[in-house]
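Taking the form predicted on its own, here's one chain by itself in structure tokens.
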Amino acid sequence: MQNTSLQFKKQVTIKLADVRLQDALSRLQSRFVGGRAAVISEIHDLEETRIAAAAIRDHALNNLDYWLQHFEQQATARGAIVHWAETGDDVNRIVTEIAALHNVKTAAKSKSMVSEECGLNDALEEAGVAVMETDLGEYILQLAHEAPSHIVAPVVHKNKEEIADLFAEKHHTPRKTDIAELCREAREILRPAFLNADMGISGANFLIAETGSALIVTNEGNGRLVTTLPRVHVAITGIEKVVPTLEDVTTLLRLLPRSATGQSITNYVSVLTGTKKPEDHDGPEHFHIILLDNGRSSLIGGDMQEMLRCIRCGACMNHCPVYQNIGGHAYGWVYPGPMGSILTPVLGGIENSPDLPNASTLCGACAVVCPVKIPLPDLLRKLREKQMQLGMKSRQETFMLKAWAWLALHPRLYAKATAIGVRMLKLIGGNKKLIHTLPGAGGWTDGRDFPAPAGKTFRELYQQGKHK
């Protein structure tokens, strides 16, 4: 998938003015934010579970070479073939070679963000393999020729009316608006894809080193059909997804669905181990597992390693006030929200996405809800510091920050300057006590009004309160 993060500011302006998008994004509050809050309390030892989950991920990352090799040994012993891919292009080459080896003409895909990262569908189509996305959201996006806007609910930016129009146009059927009817229509199109596909392609939420298994969690039966019906199954995931044992996975699965979709558990948890045995009723005859690096290994041992804990639940973006207002497409790559504001710069180069580390209020909501305790605001702050060190900030911003830093080191001058500043802002606010335009910082007030301060600094108000 092409990285268009350089157009972030332009896209933000477009997305904020998109009435349909704003209406669609409002559903995040009830579906995901409210849903998570309703079920997360079921974990009575929540904080201890989060600490344990973070420790599991840290242990795997601190010993990544060992657990990956152990995973390869166990997977190979059970009939799978493990491939190592340094880049997304390597993934595409490996998959197309597998397709050619097995004379694959059609492929059915379960949802996979890593395949989006690599642009796999385009590569397969160029190689003459017809690809069908079978996750309902991804299928809708395939028809619309759009990228996902969310890692869990990829079509969250569209409403029912838009999907009804799309199905009527692409399926050449009477327009339907009932959700059950739309789902049935999609099912009738997709069912032959499962039955006729030569190859099934999936991601993997986790790789279990103990058994050499790939684990996927889904809410639609497509994931299970894609991984068991075709004679060839290819699972593609990042090297950071390995965990040592099945017991470790059970800890992570207590948190993943609750954080992602507000469910105690997803409808399907599939542990995929090896190839079909003579006594098995289903399963692939050939099982290939592709482990992608694509910059991940460069984070090991560095100040961004904690980002590799991510279990792709999407909770950070669901609770992020920036994502809630602009959606996922504005971020310009596969991973949106706070996680994307870190992953995109560190995997694709900070020079290619200079605005993303600043696309956050640093309110901390993302860190509070992260099931594996990734300190997302701290990592964003480190990227901003790196931008300063590399001279990537504008002269105006650099001057303002240096001026503020100098002033902050001189408390008496700071107190006088802030006292003058709050009084001026009170005057600008006028009778309505609202600041419509903030001098020198128009970006903050282009789309909102700021409440004017009371005309006194916090210190002055505090001193007043002490003497009452």
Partner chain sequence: MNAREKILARIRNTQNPAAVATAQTIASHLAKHPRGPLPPQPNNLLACFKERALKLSSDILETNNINDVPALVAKYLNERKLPIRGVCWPALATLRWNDAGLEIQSHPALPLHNPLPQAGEEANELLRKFNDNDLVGITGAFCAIAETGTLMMLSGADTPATTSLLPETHIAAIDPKRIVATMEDAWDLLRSENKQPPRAVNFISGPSRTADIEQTVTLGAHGPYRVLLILVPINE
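Computed from a predicted model, the values in this text were never measured in an experiment. Residue numbers count along the first chain shown, from 1.
Beyond the structure shown, there is the form predicted in complex with the partner chain, which is absent from this document and is the topic of what follows.
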Picking from 333-341, 355-363, 219-227, 116-124, which part of the chain touches the partner chain in the predicted complex when contact means heavy atoms within 4.5 Å? 219-227
State yes only if every one of 179, 263 and 275 has a non-hydrogen atom within 4.5 Å of the partner chain in the predicted complex; otherwise state no. yes
Is there a non-hydrogen atom of residue 412 within 4.5 angstroms of a non-hydrogen atom of the partner chain in the predicted complex? no
So in the predicted complex, does residue 141 come within 4.5 Å of the partner chain, heavy atom to heavy atom? no
Is residue 418 part of the interface with the partner chain in the predicted complex - any heavy atom within 4.5 Å? no
Any chance residue 134 has a heavy atom within 4.5 Å of the partner chain in the predicted complex? yes
Option touching the partner chain, based on a heavy atom within 4.5 Å in the predicted complex, out of 269, 98, 392, 147: 269
Answer key: of 377, 348, 79, 244, within 4.5 Å of the partner chain in the predicted complex (heavy atoms) is 244
Could you list which residues of 37-54 come within 4.5 Å of the partner chain in the predicted complex, counting heavy atoms only? 42, 44, 48, 49, 52
